[in-house]
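Before any questions on how it binds or moves, here is one chain, the form predicted alone, in structure tokens.
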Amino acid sequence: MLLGAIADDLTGATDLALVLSREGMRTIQTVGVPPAGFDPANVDAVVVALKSRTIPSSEAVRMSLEALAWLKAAGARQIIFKYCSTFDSTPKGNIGPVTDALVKALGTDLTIVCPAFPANRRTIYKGHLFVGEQLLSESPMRHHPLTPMTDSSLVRLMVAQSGLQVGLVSHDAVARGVDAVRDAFDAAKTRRDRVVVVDAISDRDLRVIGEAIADFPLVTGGSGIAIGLPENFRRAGLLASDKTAGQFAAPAGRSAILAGSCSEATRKQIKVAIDAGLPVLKLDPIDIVEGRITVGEVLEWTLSQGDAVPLIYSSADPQDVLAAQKRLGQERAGEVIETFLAQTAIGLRGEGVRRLIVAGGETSGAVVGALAPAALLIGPEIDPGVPWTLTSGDNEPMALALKSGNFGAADFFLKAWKMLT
């Protein structure tokens, strides 16, 4: 294994695994730290998916260090700490505390912060993160129920979270090329910066940055930062030049969609699916708590839809989310939905569903945690950052599309099925 990655949620891990696979690395994704006896032979990269984005920072640090220890023992030469391209976090973490812990554990004198993902319109300029043409703080992320992002300055965000000195490598240096970026890193070390935010507005920028960080033990950022890393191993003669993707054969069976994300993108996808005539069932966390809807009733409804692809969703507008949180508590409201959809996924598998789309990072983590595959094999890309995956280690494998709430075109729920044969 050449590259090891620690991702703070499941869909982000899948996104990163897709980038590495597309760039020619034989990549697998594990759900949590692999158990004793797990053999990563014949792969170039392993992405360990954690559920650490919104848990207490001390627990996120513990889990991340456990993943690091496994990856290092398995032979990883470089480590990526992967978080969301919208830097989802709170003022207390968890990105800063985990970065600090990994820096210390690896003994590195400098690492980068670069969540840019231009393919999904996440760019960094003068240290500020943009979502499309909007600053992060002015985007729909400011209403996120768990990690509302009200500041777009990555430098300020890291200063608030990290105990390390934070600097900036501006786009002026990145635009001048690899040598200029390396010079900027040297200048940062002279200033005693330990973490530097790096501007990037295009894939070219990410490839320049990727080459400049070839010898960094630790890289942090979104999945986009991985675009330029495989080529470093290829130049060193450690990675085959063949970039051909592996074959992907989806199992036959029924199909379904589970959506727990309340992001604007997912709500649009639900509307398009409804307008297209997909049968839908909306869940309310209060109805679940008070017993007005059960998993058994959801399964019965699903089976009654015949060959149609049913959409089961809890996604709601921000004001409805706040109302549920006020009634049940912020954490409880989310846990109710995640647990219910995870139990629904188990029931769907038992009823012959073998092709499943799941929308939302937290929801995907809960669903895959319940289904408990040994690993996920990466398949074809549906939209930037979202591939089909195939569960590994199961007697009855499933094709899963695990979509971050903010990702995917408006017709994602309709077109994803066309990629399966």
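Basically, rigid core = biggest C-alpha set you can superpose within 1.5 Å across the two forms. Heads up: residue numbers just count along the shown sequence, starting at 1. Because the structure is a prediction, the values reported are computed rather than measured.
The same protein also exists as the form predicted together with adenosine-5'-diphosphate (ADP); that form is not shown, yet it is the one meant from here on.
The closest non-hydrogen atom of residue 100 lies beyond 4.5 Å of adenosine-5'-diphosphate (ADP) in the model of the complex. In the model of the complex, adenosine-5'-diphosphate (ADP) sits beyond 4.5 Å of every heavy atom of residue 14. Within this chain, residue 230 is remote from the site of adenosine-5'-diphosphate (ADP) in the model of the complex, having no heavy atom within 4.5 Å. Residue contact with adenosine-5'-diphosphate (ADP) in the model of the complex: residue 21 places no heavy atom within 4.5 Å of it. Stretch 357 to 365 is the contacting one of 51 to 59, 25 to 33, 357 to 365, 373 to 381, since its residues have non-hydrogen atoms within 4.5 Å of adenosine-5'-diphosphate (ADP) in the model of the complex. Heavy atoms of no residue among 123, 127 and 201 are located within 4.5 Å of adenosine-5'-diphosphate (ADP) in the model of the complex. The single contact residue among 220, 94, 314, 86, judged by any heavy atom lying within 4.5 Å of adenosine-5'-diphosphate (ADP) in the model of the complex, is 314. Of the candidates 348, 141, 212, 262, 262 is the one whose heavy atoms come within 4.5 Å of adenosine-5'-diphosphate (ADP) in the model of the complex; the others do not. Residues of 327 to 349 placing a heavy atom within 4.5 Å of adenosine-5'-diphosphate (ADP) in the model of the complex, in sequence order: 333, 334, 337, 338. Here residue 17 does not count as shifted, since its C-alpha moves by less than 2 Å between this form and the one not shown after the core is aligned. The rigid-core alignment places the CA of residue 362 2 Å or more apart between this form and the one not shown. Annotation for residue 325: C-alpha shift of 2 angstroms or more between this form and the one not shown, rigid core superposed.
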